[in-house]
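Form predicted on its own, single chain, as C-alpha cells, below.
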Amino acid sequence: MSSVVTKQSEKLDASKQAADVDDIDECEATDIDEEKSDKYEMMESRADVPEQDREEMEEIINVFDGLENQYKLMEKIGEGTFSSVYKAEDLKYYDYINDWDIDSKGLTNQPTLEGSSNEGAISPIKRKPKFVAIKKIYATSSPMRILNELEILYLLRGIDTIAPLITALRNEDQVLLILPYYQHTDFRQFYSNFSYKEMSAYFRCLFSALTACEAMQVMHRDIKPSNFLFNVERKHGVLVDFGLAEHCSLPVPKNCPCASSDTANLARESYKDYEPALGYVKNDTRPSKRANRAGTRGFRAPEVLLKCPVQTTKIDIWSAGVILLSFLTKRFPMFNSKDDVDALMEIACIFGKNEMRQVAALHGCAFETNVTTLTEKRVNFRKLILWASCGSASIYKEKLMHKPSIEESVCLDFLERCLELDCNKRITACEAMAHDFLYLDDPTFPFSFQRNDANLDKPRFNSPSMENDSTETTQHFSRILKDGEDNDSSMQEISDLKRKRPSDSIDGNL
C-alpha cells in the first residue's frame, strides 16, 4: 500500500514539475509577446507622426540610455527658438508619489488585486496612461540660461497655476526637462466667444501665476496665449515655458529716468518743450542703450521696445493686457509688427502721439513721426473694442449710444490699468488680484467697483460737430484695423519712413 502511495506521489511530483516548467515557459513566452506588442504599439502610435519628428524622437532615445524604459515618446507638440517639446507617456507613473499631478495628488503605488489571497499581489489591471511633456533644450542654448530656468522652476514649485519641474536629464551637452502634460484648449477656439465671466476665470488663473512670480521677483518675459495652457471645461490654466524668465535686476540701475520718481517727473515735463526734428542727432554724444528685448512680437511692453534697462514684472502685466484686448476685440494677434519700430507705431495708433512722446521721454528717448494718419490724442478703448467687434459703422454707432453694463465697465477699467504706458503707474499682479474683474464669476465676492457715469464716453448726435467727430473716429478705426496692409496708407507711410532711416536703432529720435 505504501509503495502505491509512493508511486502516486512520485507521479504527482513529476506532473507538478512538468506543470511548473510549462508555467515558466508560458510566462517567458508571455513576456516576449508583451515586449513585441509594446514595440508594435509604439510603432503604430507613431505612424501618423511626421518623419522628421520620428527621427528627432529616435535621436533622443538613442542619446539618453534607459529613457525608453521610463517614457514612451508619442508626438511633437511644440517648437520654439531654444527648445522643442514632445508628448510622452510616463511608464513609471504608478511607481511614485506624484505631487506635481493636480488631477491625482497623493496617488501612491499600485493597489493589491481585489479578492486575492496573496497580500503582496500586484494588480495587473490596465491603468489609465499618464502623460508628461519632455522639453529638449537645444545645445546652442547658453548653459547659464538653462541653469537659470531650472533655478526659477525650483523657486516657483508648489503653485498649481505654474507648471512644475518633475525631473531633468543631461547627457553631455544635451538636456531634457520633464514637465507635466496639461490637457488644454487651443486659444483660437475660444477667445472670440468668451463671456466676461469666462474671461474672469481665465485671467484669475493667469494673474495668480503672475502674483507668485512677482512675489519671487521673477519676470516671465514671454506671456502669451500659447504659454498659458487653459482648460475651458475645468476653467483652470497653467503658466509654462520659463526659458526666457529672469530675476529682476538688483540693485536697480539708475541710468534711466524712470528709475526714480524725481527724474521720472522731470522727464514727463520735458517732452512739452521738445521741438520735433525728424532724423538723427549729428555727433550724438549720448551713450548707446542696451537692454533685454526678450519676448514675442506683439506682446512686448513699451519699456522693452524703448530699451529701458530698468525692467520689472510690470512687463508681464502689459502682455496680459494685450491678451485681454484680443478677447474683447475678437482679433488675434492684436499687434503683428515686424520690428520694434513697427510695434511702437501700432501702439501709437491707439494711444496717440502725445502719450507716446511722454513715455519715450520717460525712458530717455524722443518719439516723433511724420505719419499723418496718427492722431495726437488716444483712442477710447470702448470705441476701439466696439468698432473691432461690430463689423459695420452703423452697428458701431448704435452700440455706442447704449450705456455699458457693469461687467463691461469693470473689464474696461481692468484693461486700462494693465495697458498703462507708464510702467510706474501700471497695476501690479498683487493689485490685480484684488480687482473686481477677476471675480465676475464668483457671486460671493464683495464687489467694490463703482461706475462713474459722468465719465462715460456716451455720444449724443444732436449737433453736426458731434456727428462729424464720430465719422472721423470711424475712419481712424478703419485705418487701424484694415486687414490688407498693402492698401493701408498709414502702413505704407511707415514703410517709406523706415527706408529713410540709416539703421534700425531706436536709441535716438523716431
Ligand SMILES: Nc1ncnc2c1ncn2[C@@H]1O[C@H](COP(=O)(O)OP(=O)(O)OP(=O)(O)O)[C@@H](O)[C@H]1O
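Predicted, not measured: the structure shown is a model, and the values here were computed from it. Heads up: residue numbers just count along the shown sequence, starting at 1.
The next section is about a form of this same protein that is not shown, the form predicted together with the named molecule.
Trainee: Does the named molecule come within 4.5 Å of any heavy atom of Ser319 in the predicted bound form?
Mentor: Ser319: no contact with the named molecule in the predicted bound form.
Trainee: Can you tell me whether Tyr181 touches the named molecule? I mean in the predicted bound form, with a 4.5 angstroms heavy atom cut-off.
Mentor: Tyr181 belongs to the contact set for the named molecule.
Trainee: Is there a heavy atom of Lys224 no more than 4.5 Å from a heavy atom of the named molecule in the predicted bound form?
Mentor: Yes, Lys224 is a contact residue.
Trainee: Using the partner position in the predicted bound form, report whether Lys135 sits within 4.5 Å of the named molecule, counting heavy atoms only.
Mentor: Lys135 belongs to the contact set for the named molecule.
Trainee: Of Ile77, Leu150, Val371, Ala388, which residue is found within 4.5 angstroms of the named molecule in the predicted bound form when only non-hydrogen atoms are counted?
Mentor: None of the others qualify; the residue that does is Ile77.
Trainee: Ok, Phe190, Phe82, Phe381, Tyr196: which has a heavy atom sitting within 4.5 Å of the named molecule in the predicted bound form?
Mentor: Exactly one listed residue reaches within 4.5 Å, namely Phe82.
Trainee: Heavy atoms within 4.5 Å of the named molecule in the predicted bound form: which of the stretches 362-370, 388-396, 414-422, 216-224 has them?
Mentor: It is 216-224 that comes within 4.5 Å of the partner.
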